[in-house]
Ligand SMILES: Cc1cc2nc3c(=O)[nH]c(=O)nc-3n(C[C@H](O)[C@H](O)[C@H](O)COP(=O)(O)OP(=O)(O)OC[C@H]3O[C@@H](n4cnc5c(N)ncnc54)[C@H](O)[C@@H]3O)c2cc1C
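Okay, here we've got a single chain as structure tokens, the form predicted on its own, with questions on binding and movement later.
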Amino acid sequence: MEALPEFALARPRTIAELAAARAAHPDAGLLGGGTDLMVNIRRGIVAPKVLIETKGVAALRTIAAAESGFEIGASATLVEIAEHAELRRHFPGVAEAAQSIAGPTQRIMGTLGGNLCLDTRCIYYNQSQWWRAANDHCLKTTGTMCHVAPKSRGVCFATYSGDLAPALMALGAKVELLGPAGQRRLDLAALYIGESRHDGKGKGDGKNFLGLLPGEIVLRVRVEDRGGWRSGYDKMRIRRSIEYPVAGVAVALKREGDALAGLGIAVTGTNPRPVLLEGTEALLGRAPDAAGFAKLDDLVRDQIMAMKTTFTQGFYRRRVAGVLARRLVERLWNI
């Protein structure tokens, strides 16, 4: 599908108006920059009857940062995040992640909220309508089978590829949500439920990868009490100027003398959710060394999915993630 279908457009100016519009149109698409949503509409992947534009809500465009932490509204653009002086100074990993997304024109349009809620991707899903029909629709659209794992029990293995989520998760970010029951705050990592277990017993999968309650929207993210932490982000991609990550890694660490006092590592582009590595506390209390990096490789191998959901093999993405994590830890340790 190339021509856009008809849709109504709501343009709230306050958070209250945004909440009212969402309540009135629970199935509406939330439109920030539209760099992902409008492409999916044009491809016939989704066809919402109503779009709710979020950029007109001034309260969601703010960015405030200091040495101890920061707050970013959901409608702040990627270029605003990438070029924010205090973020670049105190939390460069977040600015680096924003700067790495797509190209300059997309960063001018794209928003924090859109990147956090970026739709999962797959070589069988992100194609034109005629291609999907010719190859039998997949489970994430109107089909009944995941072509990545045909023997799975109705589980979708599409992968999440947003860049800002891992950079924020590594720093212990919280996300503020607004829904019919009011506001709530939770760890950003808890927003993502795409576990994709073959037995179907996970909380979610590549199709249902966000833990938003019905009618909820993302308001902002916050990082607190991270003074003295160092952060960075890097990713591998096929075409460096525009491509989604083959694997992206964010690292945040705190050094006290010759020992790691804190370490957060998060990975994107490999699983149906951004993965905050579990078990990194085993690397604390000493300087990064060969034994520590061997343990880090084990953590990556055990938690990063090896399914082929892009044009690169899953085992290659897993290997790349481990190499990027090691390089970032070494770079940040030696700053």
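Predicted, not measured: the structure shown is a model, and the values here were computed from it. When you see a residue number, it is the position in the sequence shown, counting from 1.
The discussion below concerns the form predicted in complex with the ligand, not included here.
TODO: Go through 85 to 93, 255 to 263, 160 to 168, 221 to 229 and give me the stretch that gets within 4.5 Å of the ligand in the model of the complex, heavy atoms only.
DONE: Answer to the contact question: 160 to 168.
In the model of the complex, the residue from L276, V57, L296, L37 that sits within 4.5 Å of the ligand by heavy atoms: Contact check passes for L37.
- Looking at L188, I81, L118, A247, which has any heavy atom no more than 4.5 Å from the ligand in the model of the complex? For this set of options, the contacting one is L118.
Though only this chain appears here, would G33 touch the ligand in the model of the complex if you measure heavy atom gaps against 4.5 Å?
Yes - in the model of the complex, heavy atoms of G33 and the ligand come within 4.5 Å of each other.
Checklist line | 4.5 Å heavy atom contact, I217 to the ligand in the model of the complex | finding: I217: contacts the ligand in the model of the complex.
Contact flag, A102 vs the ligand in the model of the complex, heavy atom cut 4.5 Å: Yes, contact at 4.5 Å.
Do V251 and the ligand come within 4.5 Å of each other in the model of the complex, heavy atoms counted?
V251: no contact with the ligand in the model of the complex.
Open item on the list: Since the partner isn't included here, can you check whether the ligand sits close to all of K174, I193 and V329 in the model of the complex (heavy atom within 4.5 Å for each)?
Closed with: The answer is no; none of K174, I193 and V329 reaches the ligand.
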